[in-house]
Every structure is written in structure tokens, then in C-alpha cells.
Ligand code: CP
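Below you'll find only one chain, the form predicted alone, shown as C-alpha cells.
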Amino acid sequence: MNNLIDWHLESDAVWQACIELAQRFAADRTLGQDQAKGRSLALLFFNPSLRTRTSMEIAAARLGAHSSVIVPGQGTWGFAWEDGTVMDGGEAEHIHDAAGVLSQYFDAIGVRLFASLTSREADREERHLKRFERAAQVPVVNLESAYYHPCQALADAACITERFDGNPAGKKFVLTWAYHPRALPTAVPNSALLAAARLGMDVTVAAPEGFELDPAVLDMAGSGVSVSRGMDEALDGADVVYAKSWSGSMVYHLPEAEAAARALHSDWRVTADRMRRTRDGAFMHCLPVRRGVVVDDAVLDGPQALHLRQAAYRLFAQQAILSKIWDLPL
């Protein structure tokens, strides 16, 4: 595995090996200690981060590597992105040169680049991330892009596998849309859907009309994915409830209409009553989560909540990813 852009580009063997490796790191804090001594990792965050940033920093440290966090625009030059740009404006450095320079100093580069939500074509094609990948001369790790979040997906898959004693196949996984006051990207729900399907789970996606996930992603997940227009019926008999907010497709051309449509569905919230419809199902969320908006306190603070163990797996997943990228002997 050279770069990690998304798991759908990796083989089943690599995917399964990384799940098992994340679980090994979960079981043994000393695993891989100092195996990456002398290596360095750049973490380039164009967007905010709590879990991804801190888990990557700690993962590198546990393996013995040095990490540097870079926040463009805060202590760096502004970057130009387009090929052939005449740079006579505010941007002082081209991303092609920045990626080339960082490749001289670091042994891998993690990049976070959220969706623009202004051009669906550009987001779907991952244009910015691919430009960076082409310019870099060392492995690139996607720390969440326009369409995918492979670090979160690996953590989710390993956590679910642990929950079901290594055999999540056939369990009912419900990915449910939830209300949010802001339009959010689809990277996490896309990756959660693909991860659950790859684990062989019985997957249902629940979302109001107009908030369907990209059909191309649903096709990638396979024909076994069910779609529901109601949260209540979708949650019946669920073993896992994964709540996440995401924007409707109108956001790209009619953002005001998308906001108005989203506001009509503020009742799409995971409550304790709704969780009683499940088969003692686990509640999952990638975090950060808006309490009382996406999910009630009674769920997050109750026995069905799995989100903190899920968050803990972010560290173990990051250790697994770096170990594979650098081919560390474990």
C-alpha cells in the first residue's frame, strides 16, 4: 500500500489485514514501539480536526516517528491549486511546489481537504487531493477528502468487528441521516456505508427524499443495500445505528432550497424511544456530534452508546495505516 486515498482502491486482503492490525494495536499498547524511529510525518490540515489530528500525532509517536502539523494560512503562505495559474494574486506558493518541498522533509504526508459543496463534479473527482497526490513524492494519506474518510472507515470497521466478536456479517447496520443546522459533506457516510457493506452486513440507508447519497457510491456498496425514507421503520431490529448528517444534492446548485428542505426534517433525531426499536443495537457516530439535535443525551450517555470506543479506534486505525504505509515489521 503506497498511498491511502480510499479503501475501495485497495484489495480485500489489504483491507482485512488493516482491520486485524488495528485490533492488535487495540490489544497491545506496546506493539510497534519505535519501529518507525527516524521517520517523519507531515499532517496538512486545510480544515479543522480534533480526533484525526490528535490520533495521528499519537499514532506516529507510539511508533517512534516525528509528526508536524501544518495549517495552511496560519503560518504558511496561501496556496494556488490550478495548473497553469499566473500567480499575480494573493497566493504566494503553488501546491505543486509545496507538496514537492514537503516530500524532501517527510516520509509520508497526511492531507485533509473537505468537499467544496459548490462543484459536485470537482468533489466527486477529488480534484484537489489528486493534484496533491500527483505532486507528492512520498506516500499520501487521506485524512478526509471530498468523498471519503478512510481513517474513520477503518476505525469503524475494526470497532464493529470487535463488537460482534469478529463476525459482523449478516448483522443489520443502519446508516441514518440526521438533522443538522449546516450543510455537511458526505465523506463520512460514504465511507461508513462502504465499510459496513464490505464487512458483509445487512445495510440500510435511511434518509428523507432529496438527501439520498450519491448513486455512484450506493452502486459501489452493492445491490444488497436497502434504502428507507423513514428512520423509525429503518431502525426496527437494527444491530448498529450509525447516525450522520449530510447535505442534500441540491446544495450544489440551490443551496438556499437545500437549507429550507433540511429544516423541514428537524425531527430526524436519534432518541431513546427510537433506539428501543433496535435489537439492543449499538449507537455510533464519528463525532463531533450536536447533542439534542442529531441525538439525545439519553442515547449518548446510555449503555448502547459505542461512540467513545469508536473514537478510541481512531488511534489504533492510524497506527495500522502508518504501519502499512511504511511496511513496518510487526
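Given the structure is predicted, the values throughout are model-derived calculations rather than measurements. Residue numbers run from 1 along the displayed sequence.
What comes next is about the form predicted together with phosphoric acid mono(formamide)ester, which is not displayed.
Using 4.5 Å between non-hydrogen atoms, is residue 39 touching phosphoric acid mono(formamide)ester in the model of the complex? Heavy-atom contact with phosphoric acid mono(formamide)ester at 4.5 Å: absent for residue 39.
Classify residue 27 as contacting or not contacting phosphoric acid mono(formamide)ester in the model of the complex by the rule of any non-hydrogen atom within 4.5 angstroms, answering yes or no. Answer no; every heavy atom of residue 27 is more than 4.5 Å from phosphoric acid mono(formamide)ester in the model of the complex.
Answer yes if any heavy atom of residue 51 is within 4.5 Å of a heavy atom of phosphoric acid mono(formamide)ester in the model of the complex; otherwise answer no. Looking in the model of the complex, residue contacts with phosphoric acid mono(formamide)ester include residue 51, since a heavy atom lies within 4.5 Å.
Taking the shortest heavy atom distance, is residue 186 within 4.5 Å of phosphoric acid mono(formamide)ester in the model of the complex? No, no contact at 4.5 Å.
Pick the stretch from 248-256, 220-228, 143-151, 71-79 whose residues have a heavy atom within 4.5 Å of phosphoric acid mono(formamide)ester in the model of the complex. After filtering at 4.5 Å, what remains is 143-151.
May I ask you to choose, among 44, 282, 286, 294, the residue with a heavy atom within 4.5 Å of phosphoric acid mono(formamide)ester in the model of the complex? The residue from 44, 282, 286, 294 that makes the contact is 286.
Residue among 171, 198, 180, 112 with a heavy atom within 4.5 Å of phosphoric acid mono(formamide)ester in the model of the complex: Selected option: 112.
Using a 4.5 Å cut-off on any heavy atom, which residues of 291-324 would contact phosphoric acid mono(formamide)ester in the model of the complex? The stretch 291-324, when checked against phosphoric acid mono(formamide)ester in the model of the complex, contributes only 314 at the 4.5 Å heavy-atom cut-off.
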